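Only one chain is included here, represented as structure tokens and corresponding to the form predicted on its own.
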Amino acid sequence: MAFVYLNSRLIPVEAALVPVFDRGFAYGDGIFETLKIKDGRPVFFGEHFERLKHGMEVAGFKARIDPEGLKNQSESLAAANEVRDGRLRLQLTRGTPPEPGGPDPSPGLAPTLLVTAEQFASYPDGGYRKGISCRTVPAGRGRYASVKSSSLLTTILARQEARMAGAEEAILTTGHGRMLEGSISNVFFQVGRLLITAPESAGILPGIVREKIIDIAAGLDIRVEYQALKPDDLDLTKAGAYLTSSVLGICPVKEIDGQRLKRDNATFEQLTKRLARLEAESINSA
């Protein structure tokens, strides 16, 4: 990565400096979006920008960001860094107070906006062919789950716990063991022509690709139900599961807590092809 955009200025990455008292650094007081870059253009930019706006409104960030200008910056940054296929990150903090303060933010701060673009390979082909192993971890995002917060310590610790157990992704659960979402993904369970995913009311971050899969399912005559399931609610030997995220797309799950899952290759291929079509439409529509 050679360049970044910092507060709308394209500068070399080594010249990108943020004050040490910026609230994003001091308190994790920030929000972000991670987008897939395909053919040098951000995928589902409009949807991600709307979620960024939602986070700004909930967090009370006083920033006016022109979506078209931000999209143009994103594309020019991808070109500057020679990123054809990779990931884009939009990070917004509340800004830097005039002097160090406590956790309560000063009014009228000017937010800090950082845009990065880098090469990124999603799961190796083996992950999509063989599936991803998951481990349930009792942790959740809490009341403000719909805000994609920069405070990712819960995510990091859950992933570390899953990795130490030999898994590649953590599935966050409630205290009663109900499965909510992955640490960096959403989760769908499949039983025949039925997909089951946790409702937003259960406290999940509603992913952009999650919504696309729900729309795709309707077009394939696949029913979708919203439930936060316990592992015992399903016969996992007869059920399948998928992880979804903006960068990774859709990826099958091969096991949860050591229990092997069923694999429906035909449905996976249908969902994958329809999602790829929507991604292509997204970058070619503008």
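In case it trips you up, residue 1 is the first one in the sequence shown, and so on. Since the model is a prediction, treat every value here as computed from it, not as a measurement.
If you look for the form predicted in complex with a small molecule, you will not find it shown, but the lines that follow are about it.
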Answer option from K148, R178, R135, K71, heavy atom within 4.5 Å of the small molecule in the predicted bound form | K148
Of 80-88, 185-193, 102-110, 156-164, which is the one stretch near the small molecule in the predicted bound form, taking non-hydrogen atoms within 4.5 angstroms as near?
-> 185-193
Do R51 and the small molecule come within 4.5 Å of each other in the predicted bound form, heavy atoms counted?
-> yes
Non-hydrogen atom contact I214 with the small molecule in the predicted bound form at 4.5 angstroms | no
Contact between I171 and the small molecule in the predicted bound form at 4.5 Å, heavy atoms?
-> no
Heavy atom to heavy atom, is L92 within 4.5 Å of the small molecule in the predicted bound form?
-> no
Looking in the predicted bound form, is the small molecule within 4.5 angstroms of a heavy atom from every one of T197, L229 and R263?
-> no
